[in-house]
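Take a look at this one chain, the form predicted on its own, written out in structure tokens.
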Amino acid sequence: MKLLQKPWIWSWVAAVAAFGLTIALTQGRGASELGYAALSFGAFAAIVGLGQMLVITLGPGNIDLSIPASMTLAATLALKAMGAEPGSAWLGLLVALGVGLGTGLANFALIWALRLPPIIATLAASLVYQSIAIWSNRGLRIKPPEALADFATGRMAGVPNVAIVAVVLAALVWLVLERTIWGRWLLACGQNLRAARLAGVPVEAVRAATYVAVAVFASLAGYLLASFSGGAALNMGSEYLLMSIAVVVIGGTSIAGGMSNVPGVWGASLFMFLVVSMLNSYGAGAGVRMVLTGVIIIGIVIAASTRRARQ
């Protein structure tokens, strides 16, 4: 079957299997609640995963470690700008997107101007963003406007609003990758950077746009997560660093670059939430969950490398 040859299908198979196993452990109780929760919390992982996927598609060495700090900074400044005032949701959104634009440009400036490896540049930048968030927050927990909180926690036709936003973003990313010249440029850069440059691809412009995109996606996720949870916390983005990488790798995107996989990011996001839920039902702590996530990533990387060697 051609469907089974698609790299993204296995993340969905794993998600379905994890859902079935979790329901079996609870003897069928709470299936609808579990599905709703998976869509809600999986949406945030999918949003940051889509951005990380674009960066990883650029090729080896490209990764953004500033995602958690960008989420926290965007959420903190957006909530502070809104001040829980009615009708200020759009102002908060503009602030969050502005933060994403600024952090993305700053990240790329460090990479391009100082010739720093992306992993070093984004890690160093994240310390600055986190410090700014701490300075601006000063221990305050500002609540989002009521209408925004209602939207973030609400649903439409039984589907969480945050999941609808994530699906729309995934569709836009897929259209850009599959139907635009920028998408072809991005894939070309990931497959062979030197060849892409010789072919006339504006390599640095593509890289800049990619690092801006991942920061904007992270900032949007932070804005929605703060609205969903009732306020911004200084550690709100910490779990999404490893998660953003996990959903990309598990979703079937090539870690060697040059190939992205939008549907797989969503399937992997649901799978990761369901695995966490299953571990929680056994009383496993955060350490166990992180170890399991790392083991899953290593296993998939080894499997992918083995398959490439055979080919």
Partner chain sequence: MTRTPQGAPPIVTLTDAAKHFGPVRALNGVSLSIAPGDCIGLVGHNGAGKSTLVNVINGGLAPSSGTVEFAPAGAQTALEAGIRSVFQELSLCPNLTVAENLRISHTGLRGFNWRKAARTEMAQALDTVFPGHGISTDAPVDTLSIAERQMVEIAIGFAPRGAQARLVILDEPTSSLDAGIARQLLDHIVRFCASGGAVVFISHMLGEIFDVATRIVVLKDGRVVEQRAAADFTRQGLVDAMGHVAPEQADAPAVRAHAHGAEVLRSPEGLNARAGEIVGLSGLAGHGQAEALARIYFGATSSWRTPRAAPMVFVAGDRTRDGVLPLWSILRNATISVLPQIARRGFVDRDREAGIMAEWKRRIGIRTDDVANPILSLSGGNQQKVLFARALAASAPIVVMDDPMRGVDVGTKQDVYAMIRDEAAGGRTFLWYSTETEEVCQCDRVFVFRDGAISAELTGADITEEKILEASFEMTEAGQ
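Numbering follows the first chain given and starts at 1. Please read all numbers here as calculations on a predicted model, not as lab measurements.
Not pictured, yet referred to below: the form predicted in complex with its partner chain.
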Quick check for you: of 79-87, 204-212, 96-104, 155-163, which stretch puts a non-hydrogen atom within 4.5 Å of its partner chain in the model of the complex? 204-212
Exactly one residue in Leu241, Leu91, Leu187, Val173 has a non-hydrogen atom within 4.5 Å of its partner chain in the model of the complex; which is it? Leu187
The single option of Gly267, Gly252, Gly257, Pro68 touching its partner chain in the model of the complex, heavy atom within 4.5 Å: Gly257
Interface membership of Thr180, its partner chain in the model of the complex, 4.5 Å heavy atom rule: yes
is_contact(Ala195, its partner chain) in the model of the complex, heavy atom dist at most 4.5 Å: yes
4.5 Å heavy atom contact, Ala147 to its partner chain in the model of the complex: no
Applying a 4.5 Å heavy atom distance criterion, does Val168 contact its partner chain in the model of the complex? no
Residues of 97-112 having any heavy atom within 4.5 Å of its partner chain in the model of the complex, listed in sequence order: Phe108, Trp112
